[in-house]
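Next up: just one chain, as C-alpha cells, the form predicted on its own.
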C-alpha cells in the first residue's frame, strides 16, 4: 500500500521544551493508527506537524508524498479532514451555515453537506444556532466538518469527547466504513477500550519519544503480558492445582466451580487443550492483554528504565 504519512526523525522544540525528539513513523493508505500518550507526550504536536500548522525544528514530514507546508499546502488541505480536541465554531451561525462555510472552502456540493448533517444525527438541528448546541452536538458538527470532501487522510484528536454511547458507536462505525473505503485515519484518544477494535496499529508516545509501535499482537508478543483464561464447571477439590504447577503455572485461582489462570503466550494453547479435554469444564473464556494493559506496561517500562 502507498504511504500517506511519512515522518522522519522529527524534532520539535518550544523555547526550552522538547515536544518531540527523533520521531519516525509511516502510515499507509487505509490504515487506522491509534496515536496514544499521556498529556504532553507529543500527540497534538505530531498532528499539527502533519497538518502543516507548525514547522518542525528538524526532520521531515511528507503527506501524500508532499510537504504539508509551502506550495503544496493548499492542495493537501483539500484532501484531509481534522477534528481538534476542542471544537469551536461561530456561535451565531446555524449548523447548516457552518457546514456551508467549510464546504465552500473545500468546494463540496450542498447535497453532500446536508447528507453529512444527517449522518451525524444533526439534520433536525441544522437550522439552530451553534450557541444552542450541547457539547456532544458541537462534537458531531466537528466530525461532519472533518468528513467534508471524502478526505484521504482523517485526523481525530479525542473525537468521542462529549458524545453519548450511541453517538460514540456511530462514530466508530463511520471509521470502520472509511477504512474499508481506503481512508487513512490517525486517531488520538484516552478512551482506550473504545478504540481497541477499530485500529490497525498503535503508536505510543512518551515525553516526545516513540515508546512502542506495532499491531496489538506485535505489542503483546513484545510485552509478554499474560492471557487471562477463565473456566467454569464441576470438578473435585484439588484437581487443578497439581496439574497447573507441573506445567510451571503458579498464577491461578480456584474458587469452587470457577478457575482463573494467568498464562504466558507460550503456554496458552497447552492450557486451553488441557481444559477442553476435561469433561468437567462447561465454559471457557480467553482474554488477551487489552490495549489499556499494554499502554500501562510500556509507560511503566519507560519509567523503570529512567529510574
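Residue numbers count along the first chain shown, from 1. The model shown is predicted, which means the values in this text are computed figures rather than measured ones.
The same protein has a further form, the form predicted in complex with adenosine-5'-triphosphate (ATP), not shown here; the description that follows concerns it.
Shown without its partner, this chain lists 250, 39, 255, 246 as candidates; in the predicted bound form, only 39 has a non-hydrogen atom within 4.5 angstroms of adenosine-5'-triphosphate (ATP). Partner contact region in the predicted bound form: 31 to 39, out of 270 to 278, 64 to 72, 238 to 246, 31 to 39, criterion any non-hydrogen atom within 4.5 Å of adenosine-5'-triphosphate (ATP).
adenosine-5'-triphosphate (ATP) in the predicted bound form is not approached by residue 294, whose heavy atoms all lie more than 4.5 angstroms from it. Contact between residue 85 and adenosine-5'-triphosphate (ATP) in the predicted bound form is found at the 4.5 Å heavy atom cutoff.
Remark: residue 263 does not count among the residues lining adenosine-5'-triphosphate (ATP) in the predicted bound form, judged by a heavy atom distance of 4.5 Å or less. Contact annotation for residue 19: at least one heavy atom lies within 4.5 Å of adenosine-5'-triphosphate (ATP) in the predicted bound form. Across the proposed site, 14, 44 and 190 without exception bring a heavy atom within 4.5 Å of adenosine-5'-triphosphate (ATP) in the predicted bound form.
Along 154 to 182, a single residue, 158, places a heavy atom within 4.5 Å of adenosine-5'-triphosphate (ATP) in the predicted bound form.
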